[in-house]
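The chain below stands alone and is given as structure tokens, in the form predicted alone.
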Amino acid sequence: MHTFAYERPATLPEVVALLGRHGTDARLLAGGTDLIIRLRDGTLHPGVVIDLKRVAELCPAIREEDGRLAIGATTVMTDIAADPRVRRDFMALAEAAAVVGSVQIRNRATLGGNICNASPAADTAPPLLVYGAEVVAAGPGGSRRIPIADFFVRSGQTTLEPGELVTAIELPLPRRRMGAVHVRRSRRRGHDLASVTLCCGVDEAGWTRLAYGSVGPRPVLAVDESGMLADPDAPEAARAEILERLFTDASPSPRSMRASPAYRLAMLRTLGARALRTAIQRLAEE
């Protein structure tokens, strides 16, 4: 393993100062489920690793405040999947958190790490897009909020500025009923990146929100406001045409070893239709 310095700050300003001092030579350690692997296999050579586990402002937490559910960036997937408030209002996020890696991984992997890695296959990204989440970031200029749809740029890159780190992810509490579901397709069950990951949400106003990942350089959100997709009695051909239009931004890489572009696009359509039916059913059961 490459030699590096190790810092263990106790406050958020200390973390920001360290990031400002070391710049791109620094890496943050929260759950470590990706960082440790990359340190061991030599694909990452930071000059310093900054451990966040003693930072008081970054203690794992899920709390309701000002009409939002705020999830601390260091909150692990196991806690998100089991939290009754998440399961009550954001069921698709709970479902996504429950399929990240293995049990051992979910006990360590954090929500902040899952989105900051900016993997197109990140399971939590589609439900966060469907629910209109915002990323709270802290840096030299103070704190700011970034809509999750503006957070991802491409694989491995986000819109975080130099010296910034994510402190929380906030989801607005729903003002109208929504049925939502998260689905994925992978080569095998268990610890495997998804070939397709997708979330569908249908609300009582007839809006359908579809977000999908692992089929392009970044997760994508598409919205249908016509009410056609949400209407189970609408002509099947018309609904299929709208779904196809929502998937136009899918562009799977031909270099991936997990699945071919043709397979991913076929599964995207299959999972999209399946998730739409489930979301409509869940809305009716609300």
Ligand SMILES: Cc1cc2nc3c(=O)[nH]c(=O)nc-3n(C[C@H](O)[C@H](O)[C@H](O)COP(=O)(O)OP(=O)(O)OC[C@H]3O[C@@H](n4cnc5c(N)ncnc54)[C@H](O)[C@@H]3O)c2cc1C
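Start at 1 with the first residue shown and count on from there. Predicted model only: the values in this text are computed from it and were never measured.
Heads up, the form predicted together with the ligand isn't pictured, but that's what we're talking about next.
- With the ligand omitted here, the record of contacts in the predicted complex names 21-29 of 261-269, 21-29, 5-13, 274-282, defined by a heavy atom within 4.5 Å.
- Among A133, A211, C116, A94, the residue placing a heavy atom within 4.5 Å of the ligand in the predicted complex is C116.
- For R108, a non-hydrogen atom is located within 4.5 Å of the ligand in the predicted complex, even though that partner is not displayed.
- Of the heavy atoms in D34, some are within 4.5 Å of the ligand in the predicted complex.
- Remark: A81 does not count among the residues lining the ligand in the predicted complex, judged by a heavy atom distance of 4.5 Å or less.
- Although the partner is absent here, V99 is a contact residue: one of its heavy atoms lies within 4.5 angstroms of the ligand in the predicted complex.
- Scanning 53-82 for heavy atoms within 4.5 Å of the ligand in the predicted complex gives A73, M77 in sequence order.
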